[in-house]
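This document starts with one chain, in the form predicted on its own, laid out as structure tokens.
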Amino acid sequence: MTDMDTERQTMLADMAAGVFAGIGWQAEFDRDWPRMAELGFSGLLLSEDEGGFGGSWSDLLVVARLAGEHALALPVLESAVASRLVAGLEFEGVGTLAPSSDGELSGDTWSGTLSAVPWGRHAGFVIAGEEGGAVAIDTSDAQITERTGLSGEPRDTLALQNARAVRVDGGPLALGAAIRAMQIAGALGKALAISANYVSERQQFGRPLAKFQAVQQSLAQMAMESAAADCAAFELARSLDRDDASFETAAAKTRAGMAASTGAALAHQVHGAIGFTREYALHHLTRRMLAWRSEFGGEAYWSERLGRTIVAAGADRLWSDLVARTDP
């Protein structure tokens, strides 16, 4: 990483942290999205010639971790990825990613159904999987069934008939999995910080909870899970910048999902269950983590893909291949 990269990411972090902290899980699209658009988050991955920020996937990781840390309820990441995939094409409005689709591309039109689309009701276009790649679909005339996911965020169903469509490079499932893994890393880090602060202040039998060995063990395990999710997300971003991230995407989404499950349980255990209430930030962090864990493929899906890749290459090559990927 160059000094310029570090300076750019510090600037991004300062800007995003301040804005996201003031909105967080209470964000409302109609009220808060104009500010996100004004700050240019959708153009984070576009070059300056394309009217964007000229950022990298490592820059997106900075924003994604902060979005997760604040349980931000806005499609900042989905729109940044979708905008990159349609760069140079004439699509308008907010873009997002469809984790699931059932339809058919015929020439330059697409008919079918898009399911569980994040903020689909607000989207001008959606990136969906298509045989041999992906397709950008104009959803301005979609019939929309509004739904809410486990995270409490919009996850809508869109029905389309002969909608304008253009093939694009990049898979929405893998890219969606990548941003969810990054968000989980941020949310778990914040849940750890909240938990550590709570057990330091809360007292039982005349001493802080943090002095009890069982609580210390829970925090240590939670810190380990948080570090694992962070490392996986960091390596994933580096691999995306190299445009060779199929292995890292599968590994990061699998590891982040495992960390989300263990971390959420431990966070609520050390809180003695008070963290379940909606008024407390931990509720929104763990609710998001557990929802993101399943979106764009869960551990079973990605671990199977990872296993098939390793078997196809030959198990005796695993270590040398891992070394080669982490030290290209």
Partner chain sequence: MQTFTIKPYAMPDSAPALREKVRALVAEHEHRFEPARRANCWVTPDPEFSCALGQAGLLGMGWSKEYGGHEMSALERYVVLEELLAAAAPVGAHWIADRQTAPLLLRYGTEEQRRRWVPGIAAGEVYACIGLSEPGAGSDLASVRSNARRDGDRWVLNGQKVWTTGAHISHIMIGLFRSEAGSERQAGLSQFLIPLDTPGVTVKPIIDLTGSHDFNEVWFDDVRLPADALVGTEGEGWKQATAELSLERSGPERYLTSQILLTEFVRRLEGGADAGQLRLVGRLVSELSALRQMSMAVAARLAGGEDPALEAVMVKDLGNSFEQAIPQAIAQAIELDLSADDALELLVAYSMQVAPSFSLRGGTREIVRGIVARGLGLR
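Numbering follows the first chain given and starts at 1. Note that the structure is a prediction, hence the values are computed from the model and not measured.
There is another form of the same protein, the form predicted in complex with its partner chain; it is not shown, and what comes next is about it.
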Practice item. With its partner chain left out here, work out from 77-85, 174-182, 139-147, 211-219 which stretch has heavy atoms within 4.5 Å of it in the model of the complex. Key: 211-219
Point to revise | Triplet Gly95, Glu153 and Ala265 all within 4.5 Å of its partner chain in the model of the complex via a heavy atom | key: no
Review point. Even though its partner chain is not shown here, does Asp3 get within 4.5 Å of it in the model of the complex, heavy atoms only?
Key: no
Check your understanding: So, in the model of the complex, is Ala250 in contact with its partner chain at a 4.5 angstroms heavy atom limit?
Key -> yes
Point to revise | Exercise: Leu105 in contact with its partner chain in the model of the complex, heavy atom 4.5 Å | key: no
Check your understanding: Taking the shortest heavy atom distance, is Val311 within 4.5 Å of its partner chain in the model of the complex?
Key -> yes
**Study point:** The single option of Ala159, Ala116, Ala228, Val166 touching its partner chain in the model of the complex, heavy atom within 4.5 Å
**Key:** Ala228
Point to revise | Residues within 4.5 Å of its partner chain in the model of the complex, restricted to 302-323 and counted by heavy atom | key: Ser303, Glu304, Leu306, Gly307, Arg308, Ile310, Val311, Gly314, Ala315, Asp316, Leu318, Trp319, Ser320, Leu322, Val323
